[in-house]
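One chain follows as structure tokens, the form predicted alone.
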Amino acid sequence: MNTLDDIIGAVRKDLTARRRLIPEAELSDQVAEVGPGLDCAALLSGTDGLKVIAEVKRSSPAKGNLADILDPGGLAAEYEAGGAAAISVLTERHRFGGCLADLDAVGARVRVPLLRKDFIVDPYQLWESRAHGADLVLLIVAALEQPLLAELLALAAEIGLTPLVEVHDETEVKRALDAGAWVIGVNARDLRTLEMDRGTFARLAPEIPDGVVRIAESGIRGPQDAADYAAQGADAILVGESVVTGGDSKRAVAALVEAGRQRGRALR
């Protein structure tokens, strides 16, 4: 069993327990009251410079514990003040130390869009995500069979979520496009092996057509990486570790935003 399979097994067990507590019909009623989320594809397009999605992230399978985040809402507010275009909140608890309460806490403090970053394997989790205030939701191609991927994409759009479809090779890019993805994240880390390849985005970006939002994920160490991804055609970057562990989260995000903006100006 690889790392991704191990994580998904635990996610399914947690999902079964949550479904017993709150039926899907109840979540559907909550979503009807909340209404649709923001149009995140338009907000994340790189027409006016590289966007930064900053992540509330306590730990990871690759690095272990990263930070003891006692106030996720306060951290997210720092990200927003630094210019983050959206906030990603990890809600998987076993390997990332997150929970849906973190998503609620962040939503109460910021006005920018929220990404629920988890391992979505069932429609229930989409209803759950929107009920807790998410505007975006992560769909990992490697974790989903093609019919389910297409089903989840369609349902996400129907209930007002923007699906960020994550890929890490050419085959997965094709699968994402065939399923109808309009926002694609290229992950430099293979979740099955946890190996990092920072050349992944440059290799896959040409396979993603114009009009589809391109997001570079993982391994972003600082402003130079942001500038490099902007030069390679990224509309946005998703960054967690460097802004969580850097000491001044607001300044770290602002530096990434500025690097992407400067590189964008140089390319025009």
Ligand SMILES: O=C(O)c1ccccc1NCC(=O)[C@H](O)[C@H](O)COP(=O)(O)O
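Residues carry their position along the shown sequence, with the first being 1. The structure displayed is predicted, hence computed values, not measured ones.
Omitted from view is the form predicted in complex with the ligand, to which the following refers.
In the modelled overlay, the ligand taken from its pose in the predicted bound form makes no contact closer than 2.4 Å with any backbone or C-beta atom of this form, which marks the pocket as open. In the predicted bound form, at least one heavy atom of Gly219 sits within 4.5 Å of the ligand. Using a 4.5 angstroms limit between non-hydrogen atoms, Ile8 is distant from the ligand in the predicted bound form. Interface residue remark: Ala236 is not counted as part of the site for the ligand in the predicted bound form, having no heavy atom within 4.5 Å. In the predicted bound form, the ligand lies within 4.5 Å of some heavy atom of Phe96. At a distance of at most 4.5 angstroms from the ligand in the predicted bound form, none of the three residues Arg18, Leu21 and Gln125 contributes a non-hydrogen atom. Only one of Ile159, Leu191, Val121, Ala131 lies close to the ligand in the predicted bound form, with a heavy atom inside 4.5 Å, and it is Leu191. The partner is not drawn, yet in the predicted bound form one stretch among 37 to 45, 201 to 209, 57 to 65, 222 to 230 has residues with heavy atoms inside 4.5 Å of the ligand: 57 to 65.
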